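Below, in structure tokens: the form predicted on its own, a single chain.
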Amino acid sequence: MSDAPGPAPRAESAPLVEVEHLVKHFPTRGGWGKNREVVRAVDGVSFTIRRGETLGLVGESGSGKTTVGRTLLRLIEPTSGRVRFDGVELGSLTSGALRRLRPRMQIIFQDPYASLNPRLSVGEAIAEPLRVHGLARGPELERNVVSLLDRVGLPSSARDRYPHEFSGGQRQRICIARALSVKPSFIVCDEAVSALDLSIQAQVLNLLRDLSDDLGLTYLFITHNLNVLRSIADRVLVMYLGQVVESATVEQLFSAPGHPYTRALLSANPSPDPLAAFDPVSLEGEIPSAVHPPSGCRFHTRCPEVFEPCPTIIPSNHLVNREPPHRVLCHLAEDAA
């Protein structure tokens, strides 16, 4: 393993994050003398994220979204595959080199109630990453904390209070300030607004958009809410049972979805227009077990458009549109490609 932080930053046109055939399997608890099976949480995912881009990751609970985000940052170790951040392959780094790179890669967790230490004041929580990485101390540390609170729309007096004294939206702002404290270039937002009321969601999304514009941040935005993605993402990956089944721009996804699963998700997406027709596609049954995923196309057990090759033949990833690229993992997309 290399102990160096890696080569110099690459050209602006190069992707900031590159993921190739990422796999994460979790062993199950086997009985005495039994072979342990594995949960195929992420099973061969590949994508890139350009600098300054917001890439959305959407799918049902259990599809592998959060595992992708955490494995990408090496918060959990991948089973196989490669992740490169700004040209540096993260899997080749020692713990020391990875620690030095950590400030550039941060995460905002789903639950702002659980992700803040109740024994630390807000000022201490925001200052902690700065102390750990040796980025500021003394009066400079105090100035940074006040500046970060102002950046996320909280008064300087908040630094002396504790998490239980704040609302959910305010706590998430504190978590955003903590993530920004080490001046990252890439942030994984793991269901960052799903625990908030709709009005507070809009405020936090506006804040994240403003921060991206002002600081040039790159986001991987994980959510199950398509309306949220429509308002913040540039491109979207749709995940089902550990695989990416569709990759498209937001405009392509909403105007011409190529995968039956994506069409089902969009049909169930509520519209703010009370007069709009609402006719969701019915998907039979629950999402299959990731321990024993279906053969062929993994979606065929629930797909309303299933036909002969689906149960036995693994579909190819078809490029149905070249500019901008639109890829669909489905036999039905073959003709369009």
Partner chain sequence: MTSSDPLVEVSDLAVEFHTPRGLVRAVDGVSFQVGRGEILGVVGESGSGKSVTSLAILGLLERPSGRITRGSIRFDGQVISNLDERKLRRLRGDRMSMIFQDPLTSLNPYLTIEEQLVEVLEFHRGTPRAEARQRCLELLTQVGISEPAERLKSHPHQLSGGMRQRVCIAMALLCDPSLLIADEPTTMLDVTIQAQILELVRSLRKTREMSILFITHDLGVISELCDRVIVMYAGRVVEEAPTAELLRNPKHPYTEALLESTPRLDTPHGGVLRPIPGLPPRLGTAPVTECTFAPRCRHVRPQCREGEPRLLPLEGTTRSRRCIAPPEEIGAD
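Quick caveat: nothing in here was measured; it's all calculated off a predicted structure. Residue numbers count along the first chain shown, from 1. We call the rigid core whatever largest set of C-alpha positions still superposes within 1.5 Å between the two forms.
The form predicted together with the partner chain exists for this protein as well; it is not shown, and the discussion that follows is about that form.
- Shown here without its partner, the chain carries S61, S194 and A233, all of which come within 4.5 Å of the partner chain in the predicted complex through at least one heavy atom.
- Among E77, D160, D214, E140, the residue placing a heavy atom within 4.5 Å of the partner chain in the predicted complex is D160.
- Only one of L148, L237, L226, L90 lies close to the partner chain in the predicted complex, with a heavy atom inside 4.5 Å, and it is L226.
- Among residues of the shown chain, S255 is not one whose heavy atoms approach the partner chain to within 4.5 Å in the predicted complex.
- Taking non-hydrogen atoms only, G242 never approaches the partner chain to within 4.5 angstroms in the predicted complex.
- At the 4.5 Å threshold, heavy atoms of S271 reach the partner chain in the predicted complex.
- For S289, a non-hydrogen atom is located within 4.5 Å of the partner chain in the predicted complex, even though that partner is not displayed.
- Contacts with the partner chain in the predicted complex, taken as any heavy atom within 4.5 Å, map within 245 to 259 to V250, E251, F254.
- The rigid-core alignment places the CA of L266 less than 2 Å apart between this form and the one not shown.
- The Cα position of G169 differs by 2 Å or more between this form and the one not shown after fitting on the rigid core.
- Once both forms are fitted on their core, the CA shift for Q243 between this form and the one not shown remains under 2 Å.
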